[in-house]
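First comes one chain, alone, set out as C-alpha cells in the form predicted on its own.
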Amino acid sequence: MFETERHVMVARQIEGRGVKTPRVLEAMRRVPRHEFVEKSSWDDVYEDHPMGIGLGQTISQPYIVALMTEALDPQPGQRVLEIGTGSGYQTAVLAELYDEVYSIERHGALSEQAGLILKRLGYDQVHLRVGDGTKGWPEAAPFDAIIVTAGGPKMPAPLMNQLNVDHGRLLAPIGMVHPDSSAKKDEDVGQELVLMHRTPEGIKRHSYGDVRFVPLIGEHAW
C-alpha cells in the first residue's frame, strides 16, 4: 500500500532536491510514512510538508527527514541517539540504517504510540525512553551519531559529551529566539540546522541552512 507514492516522493521531493546517498534513499522508500499519522491524513501523507501529530508536535516533511539522515552519514555497525521520538517516523528511517537506535521523547503518550507502531513494523533494535532528551542517554553512550528533532538555543552540552570521539556527528536545529515567541516576527525566529563533526583535527561545524522545528524543551534547552 502506498508503495508507488513513496517512490514518487523520493524521486521528486528528496533525490530531486539533492539527497543522493543510496542507503538513505532506499530507507525513505521502505518506511511507510502513512503508518505514523491518522488515517484522516492519508490523502496527502506523501506530500512534502510537516503534519501535526498532537500535543503541539509534528512529523517533519520527508525532505528534511532525508536531509538530516544523510547529514549523519550512517554506516553499518553504528549506534544513534534521537532526541524527540515524536511519531516514530524519523526513528524508523534511522532503524533502517543503524544497528541500534535509542530515542527519547518527553511526551509519554507519543512515546507509547510510536513504540507500538515501531514494534508492529518489526524495528526490534529501537530502544525508547520518556524523559528530558537534552540530558541524553548517558548509560548507553557513546553514540556514533546524535540527531535532535526540535530547536533549541544551543547545542546541549550533555549530548556533545555523549558523542563518540572518533568521528561522532551531532545534528540539531539551533536558534536564539524561542520559536513560539509572540514578541518576535517570523523572520526573527528562524533556526539553523547545524552539524558538529568530531575529527582528528578537532570539531568541524557545518550548516545545512534555515529550518523551523518545534521547541526543544529541557534542562539544557528552553
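Just so it is clear, the structure is predicted and the values come from calculations on it, not from any experiment. When you see a residue number, it is the position in the sequence shown, counting from 1.
Missing here is the form predicted together with a small molecule; even so, the following discussion is about that form.
Peer 1: Looking at 194-202, 5-13, 208-216, 18-26, which stretch has residues with any non-hydrogen atom within 4.5 Å of the small molecule in the predicted bound form?
Peer 2: Of the options given, it is 208-216.
Peer 1: Within a 4.5 Å heavy atom cut-off, is Leu110 in contact with the small molecule in the predicted bound form?
Peer 2: Contact with the small molecule, yes.
Peer 1: Determine whether any heavy atom of Ala71 comes within 4.5 Å of a heavy atom of the small molecule in the predicted bound form, and answer yes or no.
Peer 2: It does not: once the small molecule is placed as it appears in the predicted bound form, Ala71 has no heavy atom within 4.5 Å of it.
Peer 1: May I ask you to state whether Glu100 is within 4.5 Å of the small molecule in the predicted bound form, using heavy atom distances?
Peer 2: No, Glu100 sits far enough from the small molecule in the predicted bound form that none of its heavy atoms falls within 4.5 Å.
Peer 1: At 4.5 Å between heavy atoms, is Ile104 in contact with the small molecule in the predicted bound form?
Peer 2: Ile104: yes, in contact with the small molecule in the predicted bound form.
Peer 1: Scan Ile59, Ile174, Val45, Leu67 and let me know which has any heavy atom within 4.5 Å of the small molecule in the predicted bound form.
Peer 2: The residue from Ile59, Ile174, Val45, Leu67 that makes the contact is Ile59.
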